[in-house]
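One chain is shown next in structure tokens, namely the form predicted alone.
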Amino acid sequence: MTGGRKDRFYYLAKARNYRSRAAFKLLELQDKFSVISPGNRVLDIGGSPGGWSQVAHEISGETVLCIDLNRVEEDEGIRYLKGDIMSPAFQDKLSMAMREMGVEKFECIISDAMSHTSGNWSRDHASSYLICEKVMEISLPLLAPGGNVVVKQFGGDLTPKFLSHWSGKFRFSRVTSVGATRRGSSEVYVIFKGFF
């Protein structure tokens, strides 16, 4: 389990056998917005080390497809696909994995993806915005009617633009923060529910 600085969420994650403290971020989002339902097929983009995939599997009861550049340990309920969502070859790999799993569409797509931070706030915000844009471009063709998307972003001046750009495709949209986010972080989560 990755941890960085050890806080109460780090120790809670160890106690509950979650792979990362980030699991509690998704649990809080689930409690607030019910983004995943039992029986949902879930795609986890940028899921390493797999904490979100664990939570998604617990809630959905289905095998979660977890994509990341870094290795994710496969377990009951988690299937790993190594891939770079920015690569032109990525879509073919994803389509093949979906066929192998017998999945045509996902009811929920979640992304805790983030590039390595540079320490420059403007650069990191812009980078997270571009990742979120790519996640949404990938997600909409794969999303079942009524489906939900959750993405992480370093909040900033591009966040309202991002929200307004994509919110028209959904019945509900919201920018929110969670208690498990480290103090001082600009990290926010954007929730989209009810894909048209």
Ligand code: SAM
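Each residue number is its position in the shown sequence, starting from 1. What you are looking at is a predicted structure, and each value in this text was computed from that prediction instead of being measured.
Quick note: we don't show the form predicted together with this ligand, though the next part is all about it.
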field: Non-hydrogen atom contact Ala180 with this ligand in the predicted complex at 4.5 angstroms
entry: no
query: Is the gap between Ile78 and this ligand in the predicted complex 4.5 Å or less for some heavy atom pair?
result: no
Any non-hydrogen atom of Cys108 within 4.5 angstroms of this ligand in the predicted complex: no
query: Any of the heavy atoms of Cys132 lying within 4.5 Å of this ligand in the predicted complex?
result: no
- request: Establish, in the predicted complex, whether Ala22, Ile85 and Ser115 all lie within 4.5 Å of this ligand, using non-hydrogen atoms for the distance.
  value: yes
- line: Looking in the predicted complex, the residues of 148-185 with a heavy atom no more than 4.5 Å from this ligand, listed in order, are Lys152
